[in-house]
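Only one chain is shown below, in structure tokens, and it's the form predicted alone.
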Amino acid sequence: MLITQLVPAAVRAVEWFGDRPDATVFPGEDGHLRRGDSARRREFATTRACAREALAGLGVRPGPIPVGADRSPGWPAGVVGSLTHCACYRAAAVANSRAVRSVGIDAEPAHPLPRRVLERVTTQAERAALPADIHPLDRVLFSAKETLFKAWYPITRRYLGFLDATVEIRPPHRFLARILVDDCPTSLRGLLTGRYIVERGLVITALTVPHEGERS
């Protein structure tokens, strides 16, 4: 399993390539889904099935994981987590909130990031730090920022722009992130370390935020 290579033992992670034929949507989860959008429904159901399987690893019984007004998943009490999906891949990562402060994951196809997008979501310094042959590290950089936002948002409930943080890729599997906003919570200050993998045509990134005083 690719995603489990990126998260610590306290995090339970499950992935699925494509859609699970047995995946179902629980009552209260699908209010935002458009009727007739069967492909989106299958993707949603599979991602939620991954989440329920991961939650089972924490001893949590299956139940609905609703979509909040801010589009974030409504995790059971005492749980933090993150979801991701892209073409042919769905995954979930969860942890007991006593074990970690927050977790973020993201998956992207390992295609070159369009230059105009790269220039919009990265600083000149970040681009200069990439090797000359940047593919797919440009996509890793983008995915790492998406993962950072997913770890940031549950703690702050605030938007974090792509240029509100810097990311440095450290091949073969690490990245370092620093949030630049002035009122950053203590647990998110300084360098945060995430991990990435490029395999099976995918870029997958993950970052776990420990509780204050637990960062090595």
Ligand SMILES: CC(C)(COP(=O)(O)OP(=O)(O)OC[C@H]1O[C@@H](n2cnc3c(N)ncnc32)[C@H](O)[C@@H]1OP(=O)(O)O)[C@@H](O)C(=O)NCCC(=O)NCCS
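Just so it is clear, the structure is predicted and the values come from calculations on it, not from any experiment. In case it trips you up, residue 1 is the first one in the sequence shown, and so on.
The protein also exists as the form predicted together with the named molecule; that form is not presented, and the subsequent description refers to it.
Using a 4.5 Å cutoff between non-hydrogen atoms, A54 does not count as a contact of the named molecule in the model of the complex. None of the heavy atoms of A49 is located within 4.5 Å of the named molecule in the model of the complex.
The named molecule in the model of the complex comes within 4.5 Å of a heavy atom belonging to L160. For R116, no non-hydrogen atom is located within 4.5 Å of the named molecule in the model of the complex, even though that partner is not displayed. The stretch in contact with the named molecule in the model of the complex, judged by heavy atoms within 4.5 Å, is 149-157, chosen from 184-192, 56-64, 149-157, 168-176. Interface residues of 73-101, taken as those with a heavy atom within 4.5 Å of the named molecule in the model of the complex (partner not displayed): P73, L83, T84, H85, in sequence order.
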